[in-house]
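So here's one chain in two forms, each on its own in structure tokens, numbered structure 1 and structure 2.
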Structure 1
């Protein structure tokens, strides 16, 4: 069996004189998670809607597993789990009934349906609410059911449009955990998001789109390397207060350290070059000097800096 794939060829969408998507060509293949980034109105949701035949292209075509979505929506969506625009579920249904409907229409045999439904409800932590009416659910709870609906048939391609939208911080963390779990089972996940830390945490590759045009598409590591001028950065936190000047002095002997930026409180961002080896030495040096180092983590804002730089280039 071929690896799961999503492909767009010259995909263009215009509404009158407004071009929402401009000849987007993208090929995603294999089991991985691809983050689809871009500011509001960049064309992310438009792309995902075109991929699921909710809207129709002005030019170009898109494919799921090599089959044209425009020619055969039914065939292509059989293998895809889709969550677009935080849909509403018929309010009189319970989550179990809504998932029963989805599974039934997707052809999940009756003998397997209950088991599949219980599994996905547990995955989205909604088992306790399985038999309550959806109409009274919060936005976050509905979104979990929507995610469950996208997974009930165990799809090999998963298309998620800002899945954390409307969720509280705990819900967002749970969605990230769900996506990480999905990655373990050989799926291709294409996920649009505004949340850069989310993309950094769960995605292997990232595509950035702005004003309907693809700015880049590569692995997260390559993107960071390509656009960060060779510098990496880590965020460090200390148990005791320490002045910026004192920290500079303590690290002056390390030639790899290029800059230190205070982040407030007892936290700093240290920019350095030399990869993991330099990072290891930096950590050793900070520990040896007994400054009270309590944490060191790769700076989450690496992607954010690249994102902002790339987007502002277009302004």
Structure 2
């Protein structure tokens, strides 16, 4: 079986004189999660609606698994699970009843429906609520059922439109955990978001769009390397309190270290240059000095800095 894929070629959407999407060309292939990042109004939802034939392009074409969405809507969407703008579920239904309706509409054979419904309820961690009325559910629980509905026909491609927007922190964490688990099932996930931490946490690659135009598309690591002007930063944590001045003294011999910023508690952000080799030497130095280093991770601010810099160039 060929790897799942999504492709847009010169995809454009205009509403009168307003251009919502401007010649977007993008190809995603393989089992992974791609974050579609951009501010509100950037063109993310427009793109996803074009991909699923909810609206029609002014120019260009889009493909799912190599088949044109515009020419063969039914055939392409057989392979896609879609969640756009979070539909409401009838409150008097149970998840099992709601998913039975979706499975029927999606053409899942009657003999397979119960098994598929049980599987997707387990995937979204809602098995214990399968026969409870949806009207009693929190917004996060309803969103998990919506995701289950997108998965009930076992699609190779999953398209999610800001799936955690509007949820409380617990609901957001639950949805992100589900997306991470979906990556293990050999699916291609295309997920729009304007939440940087969400993209950093669950996505393998990221495409940034602003004012209808694609600014870049690459792996998270390559994006950071490409747009960081040779600089990078890591967040480090220590088991014991250490003064900023003492940490500066301990790293003074490393010419790659450019700055140290306290983050509170025993945590610091260290800015350096020189790539992975310099990061390796930094870690070795901190371990050798027995400072109580317990963690080192790429700074969560890296993508945020790149995002803000790229968006501001359009102002």
Partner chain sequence: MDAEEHATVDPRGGYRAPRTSVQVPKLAGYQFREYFRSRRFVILAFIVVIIGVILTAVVAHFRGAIVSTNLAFYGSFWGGGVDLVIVLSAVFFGGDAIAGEFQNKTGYFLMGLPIRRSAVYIGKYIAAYLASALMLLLFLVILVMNGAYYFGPGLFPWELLFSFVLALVYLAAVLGATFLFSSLFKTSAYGFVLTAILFLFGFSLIQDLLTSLVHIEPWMVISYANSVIGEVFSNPVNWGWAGQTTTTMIGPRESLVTYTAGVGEGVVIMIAYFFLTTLAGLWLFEREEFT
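Keep in mind the model is a prediction, meaning the values are calculated, not measured. Rigid core here is just the name for the largest C-alpha set that superposes within 1.5 Å across the two forms. Numbering follows the first chain given and starts at 1.
Only structure 2 matches the form predicted alone. After superposing the rigid core, the Cα of residue 10 is displaced by less than 2 Å between structures 1 and 2. After superposing the rigid core, the C-alpha of residue 293 moves by 2 Å or more between structures 1 and 2.
Relative to the superposed core, residue 250 undergoes a C-alpha shift of no less than 2 Å between structures 1 and 2. Lined up on the core, residue 126 has its CA atom moved by 3.3 Å between structures 1 and 2.
Taking the rigid core as reference, the CA displacement of residue 281 between structures 1 and 2 comes to 5.7 Å.
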